[in-house]
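Given next, in C-alpha coordinates, is a single chain: the form predicted alone.
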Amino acid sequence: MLMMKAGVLRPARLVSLRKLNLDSISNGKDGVLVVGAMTTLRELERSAAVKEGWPVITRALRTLSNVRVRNVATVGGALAHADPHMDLPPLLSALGARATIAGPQGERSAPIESLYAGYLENTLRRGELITHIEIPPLGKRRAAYLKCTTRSADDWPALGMAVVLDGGEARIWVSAATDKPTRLLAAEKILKGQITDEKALRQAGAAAAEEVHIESDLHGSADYKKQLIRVYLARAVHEARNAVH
(Lines give C-alpha, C1' and ligand atoms only; values in the text may rest on other atoms or scores of the structure.)
Protein backbone atom coordinates (compact mmCIF):
# COMPACT_ATOMS: atom_id res chain seq x y z
CA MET A 1 0.00 0.00 0.00
CA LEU A 2 2.85 2.39 0.75
CA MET A 3 4.35 1.80 -2.69
CA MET A 4 0.96 2.19 -4.35
CA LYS A 5 0.37 5.51 -2.57
CA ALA A 6 3.80 6.70 -3.70
CA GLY A 7 3.04 5.73 -7.29
CA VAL A 8 5.95 3.28 -7.38
CA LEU A 9 3.71 0.22 -7.79
CA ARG A 10 0.57 0.03 -9.93
CA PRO A 11 -0.68 -3.55 -9.84
CA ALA A 12 -3.39 -4.82 -12.16
CA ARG A 13 -4.64 -7.16 -9.42
CA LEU A 14 -4.41 -7.44 -5.65
CA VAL A 15 -4.49 -10.87 -4.01
CA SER A 16 -5.33 -11.32 -0.33
CA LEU A 17 -3.16 -13.75 1.65
CA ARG A 18 -5.41 -13.71 4.73
CA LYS A 19 -6.68 -17.28 4.28
CA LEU A 20 -3.23 -18.87 4.07
CA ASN A 21 -2.91 -19.24 7.86
CA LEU A 22 0.44 -17.51 8.01
CA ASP A 23 -0.26 -15.46 11.16
CA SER A 24 1.12 -17.65 13.94
CA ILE A 25 3.97 -17.19 16.43
CA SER A 26 5.47 -20.41 17.75
CA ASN A 27 8.63 -22.03 19.06
CA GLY A 28 10.37 -24.28 16.59
CA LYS A 29 13.24 -26.73 16.82
CA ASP A 30 16.15 -25.81 19.12
CA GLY A 31 14.32 -22.81 20.57
CA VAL A 32 13.95 -20.98 17.25
CA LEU A 33 11.12 -18.43 17.10
CA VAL A 34 8.90 -19.03 14.06
CA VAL A 35 6.82 -16.04 12.93
CA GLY A 36 4.28 -16.29 10.13
CA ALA A 37 4.54 -13.67 7.42
CA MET A 38 0.96 -12.48 7.95
CA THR A 39 1.52 -11.84 11.65
CA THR A 40 0.89 -8.17 12.33
CA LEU A 41 3.60 -6.06 13.89
CA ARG A 42 1.27 -5.39 16.81
CA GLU A 43 0.81 -9.14 17.43
CA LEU A 44 4.58 -9.57 17.38
CA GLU A 45 5.01 -6.64 19.75
CA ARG A 46 2.47 -8.02 22.24
CA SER A 47 3.64 -11.64 22.10
CA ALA A 48 4.64 -12.96 25.52
CA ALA A 49 7.05 -15.42 23.91
CA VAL A 50 8.83 -12.61 22.04
CA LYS A 51 8.96 -10.38 25.11
CA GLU A 52 10.49 -13.17 27.19
CA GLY A 53 13.00 -14.58 24.70
CA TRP A 54 13.68 -11.69 22.32
CA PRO A 55 12.93 -8.49 24.28
CA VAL A 56 14.98 -6.40 21.85
CA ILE A 57 12.31 -7.03 19.20
CA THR A 58 9.55 -5.91 21.55
CA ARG A 59 11.46 -2.73 22.38
CA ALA A 60 12.17 -1.96 18.72
CA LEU A 61 8.52 -2.38 17.73
CA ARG A 62 7.30 0.18 20.25
CA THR A 63 8.69 3.00 18.11
CA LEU A 64 8.06 1.40 14.71
CA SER A 65 5.57 3.84 13.24
CA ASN A 66 2.39 4.03 15.37
CA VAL A 67 -0.15 1.59 16.81
CA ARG A 68 -2.61 2.12 13.95
CA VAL A 69 0.03 1.06 11.43
CA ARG A 70 1.29 -1.83 13.57
CA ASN A 71 -2.28 -3.14 13.85
CA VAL A 72 -2.46 -3.76 10.08
CA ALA A 73 1.15 -3.99 8.83
CA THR A 74 2.50 -7.53 8.60
CA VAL A 75 5.96 -8.96 9.20
CA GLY A 76 6.24 -10.33 5.66
CA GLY A 77 5.04 -7.10 4.12
CA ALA A 78 7.49 -5.03 6.15
CA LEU A 79 10.36 -7.22 4.97
CA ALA A 80 9.33 -7.49 1.32
CA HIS A 81 8.76 -3.73 1.07
CA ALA A 82 12.56 -3.27 1.04
CA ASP A 83 12.48 0.31 2.29
CA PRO A 84 15.85 0.87 4.03
CA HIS A 85 14.11 2.97 6.68
CA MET A 86 12.29 -0.08 8.06
CA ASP A 87 13.36 -1.01 11.59
CA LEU A 88 13.07 -4.81 11.51
CA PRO A 89 15.49 -5.75 8.66
CA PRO A 90 18.74 -4.58 10.34
CA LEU A 91 17.72 -6.02 13.71
CA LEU A 92 16.66 -9.38 12.29
CA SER A 93 19.85 -9.49 10.21
CA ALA A 94 21.96 -8.91 13.31
CA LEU A 95 20.04 -11.66 15.12
CA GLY A 96 20.81 -14.11 12.32
CA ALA A 97 17.17 -14.56 11.26
CA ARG A 98 16.19 -16.35 8.05
CA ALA A 99 13.13 -16.14 5.80
CA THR A 100 11.35 -19.11 4.27
CA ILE A 101 10.19 -18.25 0.78
CA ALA A 102 7.67 -20.22 -1.28
CA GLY A 103 7.31 -20.13 -5.05
CA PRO A 104 6.59 -22.21 -8.16
CA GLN A 105 9.87 -24.09 -7.68
CA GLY A 106 9.16 -24.96 -4.04
CA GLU A 107 10.49 -23.52 -0.80
CA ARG A 108 13.87 -22.00 -0.04
CA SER A 109 15.47 -20.47 3.03
CA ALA A 110 17.49 -17.26 2.91
CA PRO A 111 19.15 -14.90 5.41
CA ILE A 112 17.06 -11.79 5.98
CA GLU A 113 19.79 -9.53 4.61
CA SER A 114 19.80 -11.41 1.30
CA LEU A 115 16.24 -10.20 0.61
CA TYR A 116 17.56 -6.75 -0.37
CA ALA A 117 19.14 -5.53 -3.59
CA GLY A 118 18.80 -1.78 -3.01
CA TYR A 119 16.32 1.00 -2.30
CA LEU A 120 12.80 -0.52 -2.58
CA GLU A 121 14.31 -3.50 -4.41
CA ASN A 122 13.97 -6.99 -3.01
CA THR A 123 15.39 -10.23 -4.39
CA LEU A 124 12.14 -12.22 -4.42
CA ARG A 125 11.64 -13.99 -7.72
CA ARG A 126 8.47 -13.81 -9.78
CA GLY A 127 5.70 -15.73 -8.03
CA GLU A 128 7.51 -15.98 -4.69
CA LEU A 129 6.31 -14.85 -1.28
CA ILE A 130 7.66 -14.96 2.25
CA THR A 131 5.79 -17.54 4.34
CA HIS A 132 7.55 -17.17 7.69
CA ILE A 133 10.77 -16.13 9.38
CA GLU A 134 12.90 -18.03 11.88
CA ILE A 135 14.84 -16.21 14.59
CA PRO A 136 17.56 -18.09 16.53
CA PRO A 137 17.36 -17.97 20.33
CA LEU A 138 19.27 -15.15 21.97
CA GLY A 139 20.83 -17.45 24.52
CA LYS A 140 23.58 -15.53 26.32
CA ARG A 141 23.78 -12.93 23.59
CA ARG A 142 22.78 -9.33 24.28
CA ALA A 143 21.13 -7.11 21.68
CA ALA A 144 20.02 -3.55 21.08
CA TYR A 145 18.41 -1.51 18.32
CA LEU A 146 18.60 2.28 18.32
CA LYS A 147 17.31 4.73 15.78
CA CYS A 148 17.62 8.46 15.36
CA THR A 149 14.62 10.33 14.00
CA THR A 150 14.49 13.97 13.06
CA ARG A 151 10.91 14.40 14.24
CA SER A 152 8.79 12.15 16.51
CA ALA A 153 10.22 8.97 18.03
CA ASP A 154 8.06 6.77 15.76
CA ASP A 155 9.03 8.58 12.55
CA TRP A 156 11.12 7.11 9.73
CA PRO A 157 14.71 6.99 11.01
CA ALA A 158 17.64 8.96 9.68
CA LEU A 159 19.71 6.09 11.05
CA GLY A 160 18.98 2.63 12.45
CA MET A 161 21.69 0.73 14.33
CA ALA A 162 21.41 -2.90 15.49
CA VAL A 163 24.03 -4.56 17.68
CA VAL A 164 24.21 -8.15 18.94
CA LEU A 165 27.00 -9.02 21.37
CA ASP A 166 28.19 -12.59 21.78
CA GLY A 167 31.01 -12.88 24.27
CA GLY A 168 33.74 -10.54 23.06
CA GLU A 169 32.38 -10.23 19.53
CA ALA A 170 29.81 -7.91 18.01
CA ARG A 171 27.49 -8.13 15.00
CA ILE A 172 26.62 -4.61 13.85
CA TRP A 173 24.14 -3.63 11.15
CA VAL A 174 23.11 -0.18 9.96
CA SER A 175 20.12 0.97 7.92
CA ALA A 176 18.42 4.17 6.75
CA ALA A 177 21.83 5.76 6.15
CA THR A 178 22.39 3.07 3.50
CA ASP A 179 20.14 1.83 0.70
CA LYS A 180 19.76 -1.58 2.36
CA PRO A 181 20.68 -3.19 5.70
CA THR A 182 24.48 -3.24 5.77
CA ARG A 183 26.88 -5.04 8.06
CA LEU A 184 29.73 -2.96 9.51
CA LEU A 185 32.56 -5.46 9.21
CA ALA A 186 35.44 -3.03 9.77
CA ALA A 187 33.86 -1.85 13.02
CA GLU A 188 33.28 -5.44 14.14
CA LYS A 189 36.94 -6.28 13.53
CA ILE A 190 38.11 -3.36 15.65
CA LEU A 191 35.77 -4.29 18.50
CA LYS A 192 36.66 -7.98 18.63
CA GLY A 193 37.66 -8.60 22.23
CA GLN A 194 37.39 -4.86 23.00
CA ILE A 195 33.69 -4.14 23.33
CA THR A 196 34.23 -2.45 26.70
CA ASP A 197 37.12 -0.27 25.50
CA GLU A 198 35.96 3.31 24.91
CA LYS A 199 38.86 4.12 22.60
CA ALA A 200 38.07 1.07 20.49
CA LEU A 201 34.42 2.17 20.33
CA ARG A 202 35.44 5.57 18.99
CA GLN A 203 37.75 3.95 16.44
CA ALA A 204 34.98 1.54 15.40
CA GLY A 205 32.53 4.41 14.96
CA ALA A 206 35.00 6.30 12.78
CA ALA A 207 35.70 3.20 10.69
CA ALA A 208 31.99 2.45 10.31
CA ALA A 209 31.29 5.96 9.01
CA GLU A 210 33.84 5.48 6.26
CA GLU A 211 33.31 1.84 5.26
CA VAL A 212 29.81 2.21 3.75
CA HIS A 213 28.25 4.43 1.12
CA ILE A 214 25.95 6.87 2.90
CA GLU A 215 22.72 8.07 1.30
CA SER A 216 21.42 11.63 1.68
CA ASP A 217 17.64 11.92 1.85
CA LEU A 218 14.85 13.95 3.44
CA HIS A 219 15.97 12.73 6.87
CA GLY A 220 19.50 14.06 6.66
CA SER A 221 22.59 14.68 4.57
CA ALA A 222 25.33 12.08 4.11
CA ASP A 223 27.68 14.07 6.39
CA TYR A 224 25.02 14.28 9.09
CA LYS A 225 24.39 10.54 8.90
CA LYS A 226 28.11 9.78 9.08
CA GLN A 227 28.25 11.66 12.35
CA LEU A 228 25.19 9.74 13.56
CA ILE A 229 26.98 6.47 12.83
CA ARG A 230 30.03 7.59 14.83
CA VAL A 231 27.82 8.45 17.81
CA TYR A 232 25.17 5.74 17.66
CA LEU A 233 27.53 2.80 17.25
CA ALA A 234 28.95 3.38 20.72
CA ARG A 235 25.49 4.07 22.14
CA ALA A 236 24.08 0.86 20.68
CA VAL A 237 26.98 -1.21 22.04
CA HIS A 238 26.47 0.32 25.50
CA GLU A 239 22.73 -0.38 25.24
CA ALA A 240 23.37 -4.01 24.27
CA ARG A 241 25.88 -4.50 27.10
CA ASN A 242 23.31 -3.27 29.61
CA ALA A 243 20.34 -5.09 28.06
CA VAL A 244 18.20 -7.12 30.42
CA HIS A 245 17.37 -10.49 28.92
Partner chain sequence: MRREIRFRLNGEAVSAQVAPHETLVELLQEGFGLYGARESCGQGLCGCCTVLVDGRAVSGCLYLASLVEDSDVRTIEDGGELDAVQQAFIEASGFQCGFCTPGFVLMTRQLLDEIPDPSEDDIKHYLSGNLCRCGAYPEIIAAVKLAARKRKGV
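Numbering follows the first chain given and starts at 1. Every value quoted in this text rests on a predicted model; they were computed, and no experiment measured them.
This next part talks about the form predicted in complex with the partner chain, which is not shown.
*Asks:* Within a 4.5 Å heavy atom cut-off, is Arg18 in contact with the partner chain in the predicted complex?
*Replies:* Within the cut-off, so yes.
*Asks:* Find out whether any non-hydrogen atom of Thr40 is located within 4.5 angstroms of the partner chain in the predicted complex, and reply yes or no.
*Replies:* Taking the distances in the predicted complex, the answer for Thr40 is yes, it comes within 4.5 Å of the partner chain.
*Asks:* Look up in the predicted complex whether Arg46 has a non-hydrogen atom within 4.5 angstroms of the partner chain, and give yes or no.
*Replies:* Although the partner chain is absent here, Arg46 would touch it in the predicted complex, with heavy atoms inside 4.5 Å.
*Asks:* Heavy atom to heavy atom, is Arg68 within 4.5 Å of the partner chain in the predicted complex?
*Replies:* The answer is yes: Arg68 has a heavy atom within 4.5 Å of the partner chain.
*Asks:* Only one of 22-30, 204-212, 60-68, 175-183 has heavy atoms within 4.5 Å of the partner chain in the predicted complex; I'd like to know which.
*Replies:* Comparing against the partner chain in the predicted complex, the contact stretch is 60-68.
*Asks:* Exactly one residue in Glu113, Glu128, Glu134, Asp154 has a non-hydrogen atom within 4.5 Å of the partner chain in the predicted complex; which is it?
*Replies:* After the contact test, the surviving option is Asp154.
*Asks:* If you apply a 4.5 angstroms heavy atom cut-off, which residues in 101-119 are near the partner chain in the predicted complex?
*Replies:* Read in sequence order, no residue approaches the partner chain (within 4.5 Å, in the predicted complex).
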